[in-house]
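Given next, in structure tokens, is a single chain: the form predicted alone.
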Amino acid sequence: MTLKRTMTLLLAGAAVTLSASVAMAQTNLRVFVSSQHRPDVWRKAFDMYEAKNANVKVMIETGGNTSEQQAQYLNTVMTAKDSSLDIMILDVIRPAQYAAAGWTVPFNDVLGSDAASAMKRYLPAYAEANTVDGKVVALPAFADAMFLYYRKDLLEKHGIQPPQTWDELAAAAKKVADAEKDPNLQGLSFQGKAIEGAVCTFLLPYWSMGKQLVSDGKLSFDKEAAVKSLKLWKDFVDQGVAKKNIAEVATDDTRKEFQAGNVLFAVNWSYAWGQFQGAESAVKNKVGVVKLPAVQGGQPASCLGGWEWGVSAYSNNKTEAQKFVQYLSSPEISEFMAINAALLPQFPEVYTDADVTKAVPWFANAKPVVETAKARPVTPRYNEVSEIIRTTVNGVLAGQSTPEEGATQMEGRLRRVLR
């Protein structure tokens, strides 16, 4: 064999070895992101990470327009112990449940002995939601709370101030409807479908009356307040403020209807703002946002939301996945997602960041709402509690039961679950 041929074969062999080494070193991460939470912008954040980490390739998987749809899918994947999914975004109500099921891995090893201090950087509600028995089971993706969106142009046109009570909202909706005479314009859109959002629908006026549903793990049900809460929403339907089939409306339906210019007031989460300002939005630059109204004589109340990053216990790339999640849950990405997707920051200081307030001015006033938003009932049997509330709300709105019947049924079912 000639020297030239020998060298050629050696070089070729070295190239193959190097190529194989590079291939072996590459880590592929698959991340589940809910369809409603701007996966297009998250993709850009993933690209930023790949640019800094050449050995990591991130694939995005999207699905589910509701918390329930997402949970159904993820429950199936986790039950099957499927290793193809490494990272998943979870509703704030779920990290403790997934950790208890053994579906996620804690972050304490990568955070080190200073895990408690690391969690103190976040808004307290999210540090608490993601810490179970001293273990950090997930890291916050973004904060959230419910707000009232309104057509700023229409309220200004008719000399109306943003409502501070639900009665004021009904009166404003009637005034605008009478003047505009637009059959496609709804007064109010909210979540009436039997989804997680309907739990918040029930709780908003209930909390506004100063009532709690669960205290120290035990039921503290106020039937009179429950009847008033259910009646408030049903009255909106009966009075024509909300549309007749509101029982079929899910979270993103509300967003789409408002974005199309067919709603005066909408109860929704922070993610909707970015969509409203998109190039194809009929309400771009016509939207105002304020804290939710209160019942007459009560105090405003918002429902705490938020989404968290969990790493699958069945991932073959747990360590790299946890490093990636730490990046996604950093102030840098919190600021990026606030500016580009209008997702509320999980860090207190980002709310007053100059670039953030320039891009999303109303965030400057959002922090107190998020900080004072109320968490849904904390109980190991939350799934059952949620199902009872949302199906009851849906039934009342669909006309299958009266508010009084609904409250009675809700109390009886809850007492069987929370003895």
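Just so we're clear, the structure is a prediction, and the values are computed from it rather than from any experiment. Don't overthink the numbering: it's just position in the shown sequence, from 1.
Not pictured, yet referred to below: the form predicted together with alpha-D-glucopyranose (GLC).
- For the residues 269, 276, 122, 107, the 4.5 Å heavy atom test against alpha-D-glucopyranose (GLC) in the model of the complex is passed only by 269.
- The partner is absent here; in the model of the complex, the one residue of 251, 315, 131, 189 having a heavy atom within 4.5 Å of alpha-D-glucopyranose (GLC) is 251.
- Although the partner is absent here, residue 92 lies within 4.5 Å of alpha-D-glucopyranose (GLC) in the model of the complex, judged by heavy atoms.
- Residue 144 belongs to the set of residues with a heavy atom inside 4.5 Å of alpha-D-glucopyranose (GLC) in the model of the complex.
- The closest heavy atom approach of residue 202 to alpha-D-glucopyranose (GLC) in the model of the complex falls outside 4.5 Å.
- Interface membership of residue 38, defined by any non-hydrogen atom within 4.5 Å of alpha-D-glucopyranose (GLC) in the model of the complex, is ruled out.
- Listed stretches are 190-198, 214-222, 341-349, 173-181; the contact stretch with alpha-D-glucopyranose (GLC) in the model of the complex is 190-198, by a heavy atom cutoff of 4.5 Å.
- For the partner-free chain shown, just 376 of 359-386 comes within 4.5 angstroms of alpha-D-glucopyranose (GLC) in the model of the complex, judged by any non-hydrogen atom.
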